[in-house]
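This document starts with one chain, in the form predicted on its own, laid out as structure tokens.
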């Protein structure tokens, strides 16, 4: 399959990760989470969460409302850094390096992990400016290269034909579904290794949801995707790997086929069967 991500000179992207003691992970794991605990004002939200994110796959985090899914996702790229009273312990490693180690370049980390929010968050600038923002931030200045990056990534998310004649119009005029695809193009423009999605289709209509799911299924051939979803139907459609959370704990983690067809834990069986949640 043709590479749908734009290939740029990545020498301007320097990740200042500080090596830590290695943790035991599955081979080529995109992320390893070990003993992750998160508390706010002393109240535990996540308790001793451990699992691996397989490479080039879609991992869906499922569970009832309030079980810690979004907190877990936001912990994977340190989005809690500025939350008052938040304490995080444990390890989250990428490429064998702990993202919570002292001296980590958080900006570089977040370039590695693109984020799709529950509602699209376009920047208050043009369509072009939204996609070009990240590459410009990381040192790409040449107009020709920026234009190529924008075109390639808008094509990657199936948006080019819809917006090529209004690239310099405000991004806010796009439909909600188009805005979410624009946010995905913006994330892809800095060549992430992982895409994180926090119920990224919950604000979309069924057609827009299907478009985003199809894009993610294509993208998993080149990078890893971690999605929080409250919709079991969606997880059944697109997940390769499933993590089931309940009351702040990771109850079960495994292949989608195993978790949905032959869950190990009774709680998982009750949740996927609709008895709880």
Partner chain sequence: MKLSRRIKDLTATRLMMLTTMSAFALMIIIGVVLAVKSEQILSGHSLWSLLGSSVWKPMKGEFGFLAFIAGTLAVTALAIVLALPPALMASIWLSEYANSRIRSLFAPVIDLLAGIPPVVYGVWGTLTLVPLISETLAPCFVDFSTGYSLLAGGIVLAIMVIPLMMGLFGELFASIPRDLREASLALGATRWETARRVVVRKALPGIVATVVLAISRAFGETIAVMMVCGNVADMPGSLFNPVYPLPALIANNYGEMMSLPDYESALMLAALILFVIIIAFNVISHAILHRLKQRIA
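Here the structure is a predicted model, which is why all the values come from computation and not from measurement. Positions refer to the first chain, counted from 1.
Only in words, not in the display: the form predicted in complex with its partner chain, which the text now covers.
Residue-level contacts in the predicted complex: of 193, 123, 101, 176, one residue has a heavy atom within 4.5 Å of its partner chain, and it is 123.
Put simply, of 158, 170, 90, 96 only one has a heavy atom within 4.5 Å of its partner chain in the predicted complex, and it is 170. Heavy atoms of no residue among 211, 215 and 241 are located within 4.5 Å of its partner chain in the predicted complex. Heavy atoms within 4.5 Å of its partner chain in the predicted complex are found in one stretch of 108 to 116, 200 to 208, 159 to 167, 143 to 151, which is 108 to 116. In the predicted complex, none of the heavy atoms of residue 180 sits within 4.5 Å of a heavy atom of its partner chain. For the chain shown alone, residue 73 is not a contact residue for its partner chain in the predicted complex, no non-hydrogen atom being within 4.5 angstroms.
Although the partner is absent here, residue 128 lies well away from its partner chain in the predicted complex, with no heavy atom inside 4.5 Å.
Contacts between stretch 183 to 198 and its partner chain, counted in the predicted complex as any heavy atom lying within 4.5 Å, involve 186, 187, 190, listed in sequence order.
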